[in-house]
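Consider the single chain below, provided in structure tokens and representing the form predicted alone.
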Amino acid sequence: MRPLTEEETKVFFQKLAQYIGRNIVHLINRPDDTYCFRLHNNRVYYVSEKIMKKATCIGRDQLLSLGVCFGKFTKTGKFRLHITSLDYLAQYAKYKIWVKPNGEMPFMYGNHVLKAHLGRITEDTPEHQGAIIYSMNDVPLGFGVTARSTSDCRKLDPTGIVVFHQADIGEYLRGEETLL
């Protein structure tokens, strides 16, 4: 468990900024406690400093995880967000997309969001920007990258892709056999 290097921090914050923008400050400067990001086994964890200090007495080989896993660095140095970060991304999201009830299951099975399934979208959402996918009841379902801007979505045919799938809460069930 170690702090992120300057290059890792840059890559990680660029990925986070794609989804929550300048709200990254709210993750670090919290009124209840001081939180930080730590790297362990190529995974970035969001953890309070109190718990982090207590975990220093545990050896690296024995430590499995610490705090909330935000994602992992690939072998090529890119960062990939995990679904476990959804609660924090949903709190501070810049762009939100609501999916109709008939589009929730296809999205949670790993499919992209189509225009026919689009319920609402945040105004002025740009193309190729990170967005959080919600049900019409404001339950966060996952996140993805917009394929079209808000203005382009209006004139799109019903089978056109609005959001490219990145991660969803159905991954917990689909990845269950790999956890055993």
Partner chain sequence: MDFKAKNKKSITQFKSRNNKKNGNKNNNNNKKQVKQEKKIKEPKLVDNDEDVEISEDDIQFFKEHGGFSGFLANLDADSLMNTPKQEKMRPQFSNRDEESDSDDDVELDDEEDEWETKAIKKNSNAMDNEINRLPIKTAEGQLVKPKEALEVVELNEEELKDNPLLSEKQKKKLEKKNQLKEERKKAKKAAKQDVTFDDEEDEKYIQEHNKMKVSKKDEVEEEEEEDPKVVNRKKLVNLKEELGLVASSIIEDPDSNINRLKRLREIAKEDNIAIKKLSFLTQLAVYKDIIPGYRIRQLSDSEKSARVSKEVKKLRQYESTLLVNYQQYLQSLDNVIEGYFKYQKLNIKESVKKQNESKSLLLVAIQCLTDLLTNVPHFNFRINILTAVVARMNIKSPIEVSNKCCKSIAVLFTKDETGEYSLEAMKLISRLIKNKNYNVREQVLQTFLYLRLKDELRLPEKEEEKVKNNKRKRKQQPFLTRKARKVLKENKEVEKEMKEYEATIDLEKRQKMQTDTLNILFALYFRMLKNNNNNRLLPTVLEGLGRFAHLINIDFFDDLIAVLKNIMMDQYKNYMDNKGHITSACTAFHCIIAAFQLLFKQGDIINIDLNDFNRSMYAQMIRLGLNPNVGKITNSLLKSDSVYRSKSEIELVLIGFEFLFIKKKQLSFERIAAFIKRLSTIAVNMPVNSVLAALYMAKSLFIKYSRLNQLMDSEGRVGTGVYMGLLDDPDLCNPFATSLWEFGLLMSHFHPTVREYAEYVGAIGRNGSSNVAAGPHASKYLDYKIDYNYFLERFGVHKFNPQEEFLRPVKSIPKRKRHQGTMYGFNGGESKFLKNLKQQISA
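Note that the structure is predicted; figures quoted are calculated from it, not measured. Numbering follows the first chain given and starts at 1.
Note that the form predicted together with the partner chain isn't included here; everything after this is about it.
In the predicted bound form, the partner chain sits within 4.5 Å of a heavy atom of residue 154.
Interface residue remark: residue 43 is not counted as part of the site for the partner chain in the predicted bound form, having no heavy atom within 4.5 Å. Residue 126 falls outside the set of residues with a heavy atom inside 4.5 Å of the partner chain in the predicted bound form.
The closest heavy atom approach of residue 61 to the partner chain in the predicted bound form falls outside 4.5 Å. With the partner omitted here, the residue from 147, 39, 52, 118 that has a non-hydrogen atom within 4.5 angstroms of the partner chain in the predicted bound form is 118. The candidate spot formed by 10, 14 and 166 lies out of contact with the partner chain in the predicted bound form, as no residue has a heavy atom within 4.5 Å of it. In the predicted bound form, the residues of 62-97 lying within 4.5 Å of the partner chain by at least one heavy atom are, in order, 91, 92, 94, 96.
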